[in-house]
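Only one chain is shown below, in structure tokens, and it's the form predicted alone.
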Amino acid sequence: MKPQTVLERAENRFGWQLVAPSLGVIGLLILYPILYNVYLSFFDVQLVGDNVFVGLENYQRLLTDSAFYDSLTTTAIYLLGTVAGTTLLGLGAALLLNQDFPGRNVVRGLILLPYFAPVISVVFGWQFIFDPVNGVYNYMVVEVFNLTDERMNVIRDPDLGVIVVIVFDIWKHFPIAYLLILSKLQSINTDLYEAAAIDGHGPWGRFWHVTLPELYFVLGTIVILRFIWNLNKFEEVFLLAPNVQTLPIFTYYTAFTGVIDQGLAASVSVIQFVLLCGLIWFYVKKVLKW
């Protein structure tokens, strides 16, 4: 290997000096909290006094905690429902709005409103829809369609609340999937469709053999990023339906409510972090193919 010259060594030192502030900020704001959280997961954290080292006891307690498994199940349902719904609805909207029709540009702008609307305001709107006394949902179910004689507090029921949370997330976030897919659709070479038509492929065949392969990277990116984002989703779920305990909500309740156990909550966060790293690895290897 060719030895570095004095100028090359000076350039390397200068490069490290330039990135050192950024590395310091990353270490302070990201790496330190992660490492400290891993450290806390091996302790019985005391609000007053010294922490007590318990080793793997917190993780052993999680493995026998039915509430933890319930939160894992709820998280899996939430992730599958939101990711599939967001991707499919975004794909459908992009395919529709890629067609030429009067007022298309206006519709393209309006469809982005849910994504840019403030979370707190739209959450209150959805809570009003499902309000057991004055909500639109109960009025339609009880008074209009006579499906039941009893009004329900849908949001307070964990089993029904998770459905509401999934539908809310799809409505709120499908515009970003639509926008990414639409931008890719508009860059596909029309010659490919003409060649597929000459080969005898109809609309479905052209979609299957041309559109989907061209959308592979975008769809893969949307799916894996939605998994990563929603695995960490807290504010929307907590504000809309606090009884729906996904992993972030379960961690919050464990750490700050009832019998406060921050060591156990830290161990939940570590498990969530491992799952997150697995998703990121899959994204890098299978989608980006690095």
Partner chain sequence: MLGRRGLWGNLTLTVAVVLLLLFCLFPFVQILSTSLKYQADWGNPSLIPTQFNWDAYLELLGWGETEELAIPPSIERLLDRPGLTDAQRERILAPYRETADIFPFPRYFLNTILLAGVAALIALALAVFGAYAFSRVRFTGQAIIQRSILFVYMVGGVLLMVPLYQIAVGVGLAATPWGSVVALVLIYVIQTLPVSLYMLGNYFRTIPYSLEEAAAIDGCTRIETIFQVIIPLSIPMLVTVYIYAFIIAWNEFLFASVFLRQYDDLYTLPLGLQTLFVSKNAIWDRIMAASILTLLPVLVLFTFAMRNLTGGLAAGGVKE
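Remember, predicted model here, so these are calculated numbers, not experimental data. Only the largest set of C-alpha atoms that superpose within 1.5 Å between the two forms is called the rigid core. Residue numbers count along the first chain shown, from 1.
Omitted from view is the form predicted in complex with its partner chain, to which the following refers.
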item	value
is_contact(residue 145, its partner chain) in the model of the complex, heavy atom dist at most 4.5 Å	no
Non-hydrogen atom contact residue 37 with its partner chain in the model of the complex at 4.5 angstroms	yes
Distance check, residue 204 to its partner chain in the model of the complex, heavy atom within 4.5 Å	no
Interface membership of residue 239, its partner chain in the model of the complex, 4.5 Å heavy atom rule	yes
Contacting member of 163, 119, 84, 76, with respect to its partner chain in the model of the complex [4.5 Å, heavy atom]	119
Site check 25, 233 and 255: each within 4.5 Å of its partner chain in the model of the complex by heavy atom	yes
Residues within stretch 191 to 210 having a non-hydrogen atom within 4.5 Å of its partner chain in the model of the complex	193, 194, 197, 198, 206
Large Cα shift (2 Å or above) at residue 15 between the shown form and the other one, core-fitted	yes
